[in-house]
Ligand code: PDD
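What follows is a single chain, given as structure tokens, in the form predicted on its own.
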């Protein structure tokens, strides 16, 4: 489905029609990718895990030294959902260091640029899908835990996947699976769920962490351990998680010219996690 612009956006304290919202050509987000972003899903007009997303935004800003009080944006995000007039979708938040003469070091006394808007996204039916992915070398930088707007490496990886006719590019660093270009990745073997541990090589996914929590509540063992690409043929199930991906099963993985069929149906462990995730949404 072709995406469209939102009718209005919240920019630096004002609600504006999207075509009247502008920033300086010297904004450091435009010039240097100097900023942090966040995406919060909503269901039935209610934000889902907003506190966790706001906390990650706060942590990212602290990592790159952008001073901005993000706590008020939770209320603004809820307002954006109402103003958007749709039942489900996501809220996008972006904060850059602001506009200043171009330097590689941080300029002093610069007001951050704050953008926020809600958009419609069909989030239902993820539990009925099986998606195909490719695996390729992870050439990104070593601070993937920061949700930076500097996403060209992720964009190149994801675009390569789409050129190959698959949904996602799952990345490999030093022979170990890290994450997808815009998702977290999980594997299941002998009833145990595996995923890469948090650290500089993956984004600390909000949905990823919720899945780990749900597994603990259901008595499903989770090991935060990186999986070797050589061990992939011995897995029983695999799935992707993310704000918009939710919990989606992987049907096949392509490594070079080799096609590895993971499953022809959603696995039992993945199904249990999906059902628990749906119940969490319904409890909003």
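Bear in mind the structure is a predicted one, so any value in this text is a computation, not a measurement. Positions refer to the first chain, counted from 1.
The same protein also has a form predicted in complex with the ligand, omitted here; what follows describes it.
- Although the partner is absent here, residue 73 is not a contact residue: none of its heavy atoms lies within 4.5 angstroms of the ligand in the predicted bound form.
- Contact annotation: residue 248 falls outside 4.5 Å of the ligand in the predicted bound form, judged by heavy atom distances.
- A residue is said to contact a partner when one of its heavy atoms sits within 4.5 Å of a partner heavy atom; residue 39 meets this definition for the ligand in the predicted bound form.
- Although the partner is absent here, residue 29 sits far enough away that none of its heavy atoms falls within 4.5 Å of the ligand in the predicted bound form.
- A single residue from the set 120, 140, 189, 173 has any heavy atom within 4.5 angstroms of the ligand in the predicted bound form; that residue is 140.
- Of the residues 55, 45, 243, 252, just one reaches the ligand in the predicted bound form with a heavy atom at 4.5 Å or closer; this is 243.
- Using a 4.5 Å cut-off to the ligand in the predicted bound form, each of 154, 181 and 206 places a heavy atom inside that distance.
- Residue heavy atoms within 4.5 Å of the ligand in the predicted bound form occur in exactly one stretch of 77 to 85, 156 to 164, 105 to 113, 181 to 189, and that stretch is 181 to 189.
- Contact annotation for 96 to 125: no residue has a non-hydrogen atom within 4.5 angstroms of the ligand in the predicted bound form.
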